[in-house]
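Just the one chain here, the form predicted on its own, laid out as structure tokens.
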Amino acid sequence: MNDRDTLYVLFTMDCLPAVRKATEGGPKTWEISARSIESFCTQLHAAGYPVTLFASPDCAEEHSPLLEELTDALDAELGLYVSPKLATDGQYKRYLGAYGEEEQREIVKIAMDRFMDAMERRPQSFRSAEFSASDDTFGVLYSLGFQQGSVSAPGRQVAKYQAVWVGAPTTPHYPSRDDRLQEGDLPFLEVPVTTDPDRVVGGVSAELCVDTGKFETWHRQIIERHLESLEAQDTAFKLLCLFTRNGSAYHQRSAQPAENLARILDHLESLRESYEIAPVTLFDAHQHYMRRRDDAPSGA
């Protein structure tokens, strides 16, 4: 009898525009962007993991044939990434969480319309640049038809990005309609990126970013601390959420991001001794989450 807990694993990539000065962590050229996206998805698909790509409107417009191919052939999910300045051609210059409810709705609607014009499909998953959000954000996203997101980075506190996630839930949850730091009843699944909220430097928590640091001193420690926390809290829905950006050289096997990815995949294989590993997209994660909620005993 298999009594291992299920550990869901979600790999995500933020796909930012190339070249622009306002781009944080974006690729130097569109060619680098395409290579990074394709290599990341191909390597993970070979290991049995689908990828959730959060594409900025510019990236959707530039890479639409590639993104279509990846969603069709490699089971990637395509969500929306929003940096207000880039999505609105400078009309809105601050990060998303700096704006009120109606302005956020207009910003996301502009980005969504550009995305849909390029891809001819409606995005259902969302991430904002630098994990920027306010208490209005989840309600705005749900009102625009988004079903799930990965918007929060627990422990992060960076005022210039309007990204304050101190005390935020560290596990997938339905959020409050008017308090981003609380669980609630809004049927929008928020999946935080996996962090160590107790390890913060310059307002940024240690985050499970594939291209940051080296495996032994960064990723392994974050994963181990997170799993310890899940076990200590007896968390029913256990998930690791990793992220990266399309400026990283996954097409160069000797580059640090590619080496980190290989080591992370090896480590996930070793975790199969303790967990039933379940690779998911963000959409998939929400489907599993809803089934678990439906199956939970009344009052649990």
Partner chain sequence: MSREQTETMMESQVNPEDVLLEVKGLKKHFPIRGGFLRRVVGQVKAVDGIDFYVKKGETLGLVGESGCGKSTTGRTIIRLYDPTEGEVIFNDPDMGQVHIEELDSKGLRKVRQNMQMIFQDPFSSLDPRMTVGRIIGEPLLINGVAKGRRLRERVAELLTVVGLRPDHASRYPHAFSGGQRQRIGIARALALNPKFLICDEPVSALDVSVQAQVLNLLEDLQTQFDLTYLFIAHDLSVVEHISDRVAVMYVGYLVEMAPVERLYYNPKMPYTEALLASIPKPDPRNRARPVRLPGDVPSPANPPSGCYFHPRCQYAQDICKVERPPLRLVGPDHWAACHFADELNLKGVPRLGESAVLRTPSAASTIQVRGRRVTSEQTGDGEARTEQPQQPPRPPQQ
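Residue numbers count along the first chain shown, from 1. Here the structure is a predicted model, which is why all the values come from computation and not from measurement.
As for the form predicted in complex with the partner chain, it is not shown, yet the points below apply to it.
Please run the contact check for A34 against the partner chain in the predicted complex: heavy atoms, 4.5 angstroms, yes or no? Close contact exists here: in the predicted complex, A34 approaches the partner chain to within 4.5 Å, heavy atoms only.
Are any of the heavy atoms in T42 no more than 4.5 Å from a heavy atom of the partner chain in the predicted complex? Yes - in the predicted complex, heavy atoms of T42 and the partner chain come within 4.5 Å of each other.
Using heavy atoms and a 4.5 Å limit, would one call H63 a contact residue for the partner chain in the predicted complex? Because a heavy atom of H63 falls inside 4.5 Å of the partner chain in the predicted complex, the answer is yes.
Close approach of E231 to the partner chain in the predicted complex, 4.5 Å, heavy atom: No - in the predicted complex, heavy atoms of E231 and the partner chain never come within 4.5 Å of each other.
Within 4.5 Å of the partner chain in the predicted complex: residues from 258-290 (heavy atom criterion): Heavy-atom contacts to the partner chain in the predicted complex: A262, L265, D266.
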